[in-house]
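Shown next as structure tokens: one chain only, the form predicted on its own.
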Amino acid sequence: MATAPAKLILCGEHAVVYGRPAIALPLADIRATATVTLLPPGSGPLISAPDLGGQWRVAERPDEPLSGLVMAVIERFGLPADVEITIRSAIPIASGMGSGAAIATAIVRELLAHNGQTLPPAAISELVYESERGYHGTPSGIDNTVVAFEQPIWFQRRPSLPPLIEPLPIGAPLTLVVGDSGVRSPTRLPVGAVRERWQADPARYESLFDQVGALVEQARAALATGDAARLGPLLSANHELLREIGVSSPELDRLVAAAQAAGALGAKLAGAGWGGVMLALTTPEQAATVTDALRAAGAANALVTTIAATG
């Protein structure tokens, strides 16, 4: 069995598609898994996804992005094709937590491991990115990167160059409360809407993206010194900019406001928006109070996770 973690974008979503930096974190305790078993000769690959409500033969659904990923890996590395790939995931779908990237990463790792092979994280990330394109249209590349590398990263796209990807120092542990709005919104929809707005009014949106980028730079400095009190207001300011960009929702705004009223250091939507999840930065002592406040404000679920300090 191979696994891969969920992810959260701490700050910088949407602006990252347009060349500004973003900070992303893996959630090591929330994971997707994949298991490979052999099938009789001539069966071809079969994908079983009980948590996703489906089972299909790759040959019957060749346009499904996971089908394309499975065939690409089998053909590229000469792997056995008569296999059943069983996927399980604790990551909510269309929630901003990188469910698709985690599932795809687990599949790649397990197909290779079943045949005694491995790939470095960068190569896995590249394969998974192609699957992400099938789901999201024009993804930033941040999900596949943070999930494949399994470490906090600084990510920035660059014209005609590979993305800038750097490990991100975190000076002290972070306590985050993640609230699920219960609303599902495929990433490609808000991403596509932002692109249309940017094309219609590039000056306004470039200015908004610049403001997001400046906040991300400040957040990087706060993380390096472990200054949660400085980081919190930056996250809340990022949420206000995301509202201006047009990707929040009444449900997300309500949860962000509830977290702030309950004493969170800062709160924002996390991911593409129009639904999915939000995050609140708290002290360890505040986490339970903020969790209760999110549930009282209508969160479908709320969980506490800790991001460890890094070197």
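What you are looking at is a predicted structure, and each value in this text was computed from that prediction instead of being measured. The numbering used is simple: start at 1 and walk along the sequence shown.
Not on display, but discussed next: the form predicted in complex with a small molecule.
Please check if I142 has a heavy atom lying within 4.5 Å of any heavy atom of the small molecule in the predicted complex.
Contact with the small molecule, yes.
V16: touches the small molecule in the predicted complex, heavy atom cutoff 4.5 angstroms:
Close contact exists here: in the predicted complex, V16 approaches the small molecule to within 4.5 Å, heavy atoms only.
How about G96 - does it come within 4.5 Å of the small molecule in the predicted complex, if we only consider non-hydrogen atoms?
Taking the distances in the predicted complex, the answer for G96 is yes, it comes within 4.5 Å of the small molecule.
Partner proximity in the predicted complex: L255 to the small molecule, non-hydrogen atom cutoff 4.5 Å
No, L255 stays farther than 4.5 Å from the small molecule in the predicted complex.
Quick one: I9, V191 and G271 and the small molecule in the predicted complex, is every residue within 4.5 Å by at least one heavy atom?
Yes, each of I9, V191 and G271 comes within 4.5 Å of the small molecule in the predicted complex.
Partner-facing stretch of 183 to 191, 158 to 166, 108 to 116, 214 to 222, counted where any non-hydrogen atom is within 4.5 angstroms of the small molecule in the predicted complex:
This holds for exactly one stretch, 183 to 191.
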